[in-house]
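This text opens with one protein chain seen in two forms, each one given by itself as structure tokens under the names structure 1 and structure 2.
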Structure 1
Amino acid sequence: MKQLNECRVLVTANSYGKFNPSLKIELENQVKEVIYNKTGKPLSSQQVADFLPGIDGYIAGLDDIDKKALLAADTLKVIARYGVGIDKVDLQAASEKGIIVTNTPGANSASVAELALSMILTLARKVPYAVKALQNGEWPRLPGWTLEDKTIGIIGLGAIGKHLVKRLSAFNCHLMAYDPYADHIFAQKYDITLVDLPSLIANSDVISLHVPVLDETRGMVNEKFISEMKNGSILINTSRGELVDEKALIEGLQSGHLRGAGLDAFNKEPPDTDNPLLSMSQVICTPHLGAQTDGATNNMGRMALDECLRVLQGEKPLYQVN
């Protein structure tokens, strides 16, 4: 087995070390050579194949790492994905070649939870509406909410849902969650009432979605769901656009049934400029920026670097996915 200082590492994740240059220095000091992707974009399968000969470790952005690309890997031991998604890596082809694939679970969870929290607070105080009103020369007195005594319903109590709970626990609100695989110990620790979905929908002042897209969650926020939400409640979606029927949401907002919505994900991204959600003063729309923070970037870089070096030194990685 090669010594670490004989290894060559390919880094294609464009933001690797962007906020923390010491991650680059640390890697460069430990291995023989580091080759960076200077295209500013994810690599195509052919580009990956061109880079791979003689590479031992690969800190990978959203490149097409398919079977064809992996044919060119002659010394590759590890693909350390910089991020959670592994859909662009042919895991079977990697396993067949004895290449370990890792990812960085949880690296951006706190960032997404903070975005959800910021949307909840901002909509509770009708800030988007207030900003527009003031810009139009008005000086309205708006009926804001405190979160104290409100019920926040979290659908999906996984990595992001748990980070949101930890932050919300400072606000003296009631926490409710629906997750068929909920962590009961965590729920007990943070005084979360675990309920079924209809109870959560009917009793929450704010509903925040933190589930993946699955057959049972795709389009879950439909006309029926929205009509069963409490009058004057808020919907937050920092997960995936596929979870929400936007037409039904628009109707729920236009009718005044919902107080507002915070959306970081859309049916179509970017949404069409005439999508009514973009121009509603009770809606906050952001361009899928939940994970785009210095903290998340640094976490991904740190975790991917550690995983890559672990494997190159013959140790077991913490987050192997194949």
Structure 2
Amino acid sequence: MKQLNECRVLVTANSYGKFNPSLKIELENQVKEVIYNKTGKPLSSQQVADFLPGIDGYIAGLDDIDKKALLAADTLKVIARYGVGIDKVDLQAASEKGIIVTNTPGANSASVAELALSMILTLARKVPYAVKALQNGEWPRLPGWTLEDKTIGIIGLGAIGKHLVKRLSAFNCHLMAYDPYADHIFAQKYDITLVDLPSLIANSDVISLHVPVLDETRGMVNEKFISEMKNGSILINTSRGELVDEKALIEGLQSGHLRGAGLDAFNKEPPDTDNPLLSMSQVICTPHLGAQTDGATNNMGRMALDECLRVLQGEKPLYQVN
């Protein structure tokens, strides 16, 4: 087994060390060489494959790390995901090659929840439309919402969902959640009504998605889902683009059935510039920046660095997912 100072590490997480440059210095001081992704975008499968030969550790962003890419991994020991999502990593292919995959659970939960909350508030008050109207010389009187007495439905009551609940609890709104493995003690403490999915869809003024991409969640927000949402309701997705059928969402927005949508994730990232969602005044689109805060990036950077070095030193990681 190589000594740590003989190892080469690939870092493709674009925000790694952005707020805390000492993480990069620490990594560079401990290993032989660090190679960075300088494209500013997640890598394709082929790009990953081009980087991997001779790489021992990989601190990964939202790259396509599929079986084809991993065929090029001749010395790779660990993929330390900078973030919690692992849907872009072929875990079976990694396991077959003896590659350990880790993630950083909980590191970005508060930041993602705060982005979701900001989208809810912004759409409730029609801020994007108001800003554009004022820039065009208009002075509209727009009918906004208060969150008080509105029903906020949260799909997925994990770490991010819980952080969102804590923040929403100050707004005197009604909290509803669907999660097959819900924390009942937490739900009772924050007066959350736990319901089945159809009930949440039908009764929520706002629905916020906080679930991973699984077989049962992929494309869950489809035409049927949207048609069963309350007329004039809002959809928030700060999780993964694969959860939402964008065609169905566009139709729901164009018809006026939905009041608006807040999207931090898309089916294709970055989305095509002609994607209709990008030009709708009732939609907030952000470039998958839920975790792009000082607190989140520092937490994820530290956890990913520690996990990568643990494995390269022959130690057991804390957050292995395969």
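Everything quoted here is computed from the prediction, not taken from an experiment. Note that the rigid core is defined as the largest set of C-alphas that superpose within 1.5 Å between two forms. For residue numbers, the reference is structure 1: its sequence is counted from 1.
- One chain, two forms displayed separately, with the form predicted on its own being the second of them, structure 2.
- One rigid block turns against another between structure 1 and structure 2, and the hinge that joins them sits at Ala107, chosen from Asn37, Leu243, Ala107, His210.
- Rotation of the smaller rigid part against the larger between structure 1 and structure 2, from C-alpha superpositions: 29 degrees.
- After superposing on the rigid core, the C-alpha of Arg8 is displaced by 13.1 Å between structure 1 and structure 2.
- Lined up on the core, Thr102 has its CA atom moved by 6.0 Å between structure 1 and structure 2.
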